[in-house]
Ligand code: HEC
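In the form predicted on its own, a lone chain appears below as structure tokens.
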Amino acid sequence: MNTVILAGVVLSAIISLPAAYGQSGSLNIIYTGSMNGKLEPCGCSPKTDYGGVARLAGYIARHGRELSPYLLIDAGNFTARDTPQGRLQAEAMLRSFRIMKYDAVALLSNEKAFAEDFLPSLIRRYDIPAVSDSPPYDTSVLVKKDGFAVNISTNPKDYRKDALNIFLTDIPVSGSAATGSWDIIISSSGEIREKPLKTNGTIIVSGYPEGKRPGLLRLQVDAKGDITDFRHEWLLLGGDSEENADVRNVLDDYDSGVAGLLKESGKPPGGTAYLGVAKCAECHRPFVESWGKTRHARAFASLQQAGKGADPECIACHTVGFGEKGGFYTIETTPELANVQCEECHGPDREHIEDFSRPMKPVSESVCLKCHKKDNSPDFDYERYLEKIRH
């Protein structure tokens, strides 16, 4: 009888062993970090049209079985600023995380900047496994996947000897190495680090900014829970990647919410500094006709085609004077200021109408760089691009 009881105790102990110490094999970690509220790429250039939560969700749906067992982790700073649009982004991001079944989501510097009652309510509503070094959240979560026990934490003191340990931080990679003997450190500092750094047995990676390249760590783990080998790759999810329909619905809801923000704020303020291209055409018709053949003249239509015709982050570079007094407001209220017109490049100057000898300002490279940034216009070359619009 005692032998039977002893055998049962031993068997129970074996079954309850921390999984990483009774299991060897492969474990995959898909990670994001420093997404900064970017739900999807702008799509202005195919060279930078990578990433987005709908594409990542689609990838996981297609490859989840072959990647299993895998963990899905966000290392924090997934939000942007605490503004009306920033709040819509935060909710859409958390809804997407829930659909993808993230195993851990860190709340770090960006998230702490939100009003204290906003994110906690969303975390509860969408049942997000949040970790943070600030209350009311737990600092760590223990995840068990197919025989592996993984401790995921935002507290450098929460290391566990009975699990594989992952530390989430927004400390830059160079500073993360001093945080102790963690197996893996994932940073959301926003720095771009193409390859992992391995120091003192710790693998350190950094989430690619704005979610443009989700990271994938393929681990080989022995029965003691030690990582014996690893491979790292970036998931390049371009415009031809299949999206997850449920997450796309979330993004459509977000676009509708953003469109509602301008409608809720009422009519644009009275008075205007901008005249619009029709007024310029009264004296400069050949120039306006030349402009009409450029992509600048069709800039707003391209936004509408992408469903972003009411997104402030997009329309600022596809209209005249958005965000300025008397500039573009909505396509319903200020249709005459849609597209990249004369005054967006030459600046507003009503006195030019009264005194034609007063020249409009020339188009300098700095004017172009307000919108032609590396992220959405990677091939921009001032002299070459100027030739395309010269008149």
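It should be emphasised that the depicted structure is a prediction, and the values quoted were computed from it without experimental measurement. In this text, residue numbers run from 1 along the sequence as written.
Keep in mind that the form predicted in complex with the ligand is not shown, yet the notes after this line are about it.
Check for me: heavy atom within 4.5 Å of the ligand in the model of the complex, for each of 302, 313 and 389, yes or no. Every residue of the spot touches the ligand in the model of the complex.
Residues in which of 356-364, 55-63, 28-36, 329-337 have heavy atoms within 4.5 Å of the ligand in the model of the complex? In the other structure, the partner sits against 356-364.
Considering the ligand in the model of the complex, which of 296, 232, 98, 213 comes within 4.5 Å of it through any heavy atom? Of 296, 232, 98, 213, the residue with a heavy atom within 4.5 Å of the ligand in the model of the complex is 296.
Residue 376: heavy atom within 4.5 Å of the ligand in the model of the complex? Answer yes; at least one heavy atom of residue 376 falls within 4.5 Å of the ligand in the model of the complex.
Would you please decide whether residue 106 lies within 4.5 angstroms of the ligand in the model of the complex, comparing each non-hydrogen atom pair? Flag for residue 106 set to no.
Is there a heavy atom of residue 291 lying 4.5 Å or less from a heavy atom of the ligand in the model of the complex? Yes, contact at 4.5 Å.
Verify the contact flag for residue 317: yes if a non-hydrogen atom of it lies within 4.5 Å of a non-hydrogen atom of the ligand in the model of the complex, no if not. Because a heavy atom of residue 317 falls inside 4.5 Å of the ligand in the model of the complex, the answer is yes.
Taking heavy atoms and a 4.5 Å limit, what residues of 328-349 are near the ligand in the model of the complex? Result: 340, 341, 342, 343, 344, 345, 346.
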